[in-house]
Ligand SMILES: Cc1ncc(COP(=O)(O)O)c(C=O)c1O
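As a starting point, one isolated chain is supplied in structure tokens, in the form predicted on its own.
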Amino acid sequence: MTAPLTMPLPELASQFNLRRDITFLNHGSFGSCPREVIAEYRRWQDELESEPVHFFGRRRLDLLEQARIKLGAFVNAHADDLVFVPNITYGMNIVINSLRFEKDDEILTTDHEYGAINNTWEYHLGRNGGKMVYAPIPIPMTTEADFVEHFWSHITPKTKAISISHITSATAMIFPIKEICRRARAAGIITVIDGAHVPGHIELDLTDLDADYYSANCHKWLCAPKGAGFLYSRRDMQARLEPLVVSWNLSRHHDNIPRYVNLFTNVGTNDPAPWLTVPTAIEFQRKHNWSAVRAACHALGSQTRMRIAELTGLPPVSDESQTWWNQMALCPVPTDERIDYNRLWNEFAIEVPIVAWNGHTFLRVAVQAYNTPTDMDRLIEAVKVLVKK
């Protein structure tokens, strides 16, 4: 049996407003914000309401620029190549709606991708031309080199774009996208990256990755308020993008704002408070040495994976290193209707997703700073009951 593990920063749990009568292991879907981040979020809302016209008309654009500068420093990208969006689905819709393809063109993706993004591609390609090609990526994973070669074997002369996750939602896998982006650029293939689970979860260097388009959420692992996401576009690819919402962004010119930023910022009366709070979320993690927090979370998740494997007899989907996963531990469980998401919630007060993927069933256990070994013990006891039944 594996030895107990103690988190190095247990006091962080008190920084979050999560209910104490539940076991919350689903930060990957919607995480909780630290109290000081929520306080800053509400402060911005209060400041806006104190004089809304002044805030929107005279202050908003400058404040958003300052927030983009701090976000840019965090992800190593120029602020003028970043625009705030409500979430990654919105950001990906901007890109997918803007790109144009011929009838026989192919967009290569994998069978691990998020359903909402697949739906967006299928919808727009069905109206405008082109088709999706889903490369099967088997698990367990082997090496990054094998992954790249296997994925690249599905490239054809018809491949015009690649749409792939940096960290997958269903299977919680970190994909080696840097090499894929490098090969795609050399081949003249557009890269569209789903980074929903990346900021705050693993290190992100957008300049180093060199993707054409990269959209991500800040309201997941970065712990910013809900409604905070961004879209990054390479400078030479920005002219291809068209707004989803047409408003003053097409006719009102601001000398100090690049066209790309203006196009996706002046789109109506959006609440800017989630975006303005992103710097506070970044500072919260810096202040609390988040690289150490992530390492501790990975260790706790690793132990949990092994404990569940001991109960089920099912092998892990990757090794224990941080090459393939970090804070979301994918745990195979028997495919049985009695192992049910609602049962875990209703009978054990455990919030954890059960993922069905390619005939397999998994628990996707997200480990965040507020989780403790006690949370994992509760999950193990519940799995014991469900597997036994």
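Numbers for residues come from their place in the sequence shown, where the first is 1. Since we're looking at a predicted model, the values are computed, not measured.
Quick note: we don't show the form predicted together with the named molecule, though the next part is all about it.
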From the candidate stretches 278-286, 215-223, 126-134, 295-303, select the single one in contact with the named molecule in the predicted bound form, where contact means a heavy atom within 4.5 Å. 215-223
Would you confirm whether the three residues Ala309, Pro353 and Val383 all fall within 4.5 Å of the named molecule in the predicted bound form, going by non-hydrogen atoms? no
Flag Ile180 as yes or no: does it have a non-hydrogen atom within 4.5 angstroms of any non-hydrogen atom of the named molecule in the predicted bound form? no
Taking the shortest heavy atom distance, is Gly31 within 4.5 Å of the named molecule in the predicted bound form? no
is_contact(Ala196, the named molecule) in the predicted bound form, heavy atom dist at most 4.5 Å: yes
Would Thr110 show up as a contact with the named molecule in the predicted bound form if we use heavy atoms at 4.5 Å? no
Option touching the named molecule, based on a heavy atom within 4.5 Å in the predicted bound form, out of Asn249, Thr89, Ser318, Asn97: Thr89
Which one of Trp152, Tyr260, Tyr114, Phe101 is close to the named molecule in the predicted bound form, taking close to mean a heavy atom within 4.5 Å? Tyr114
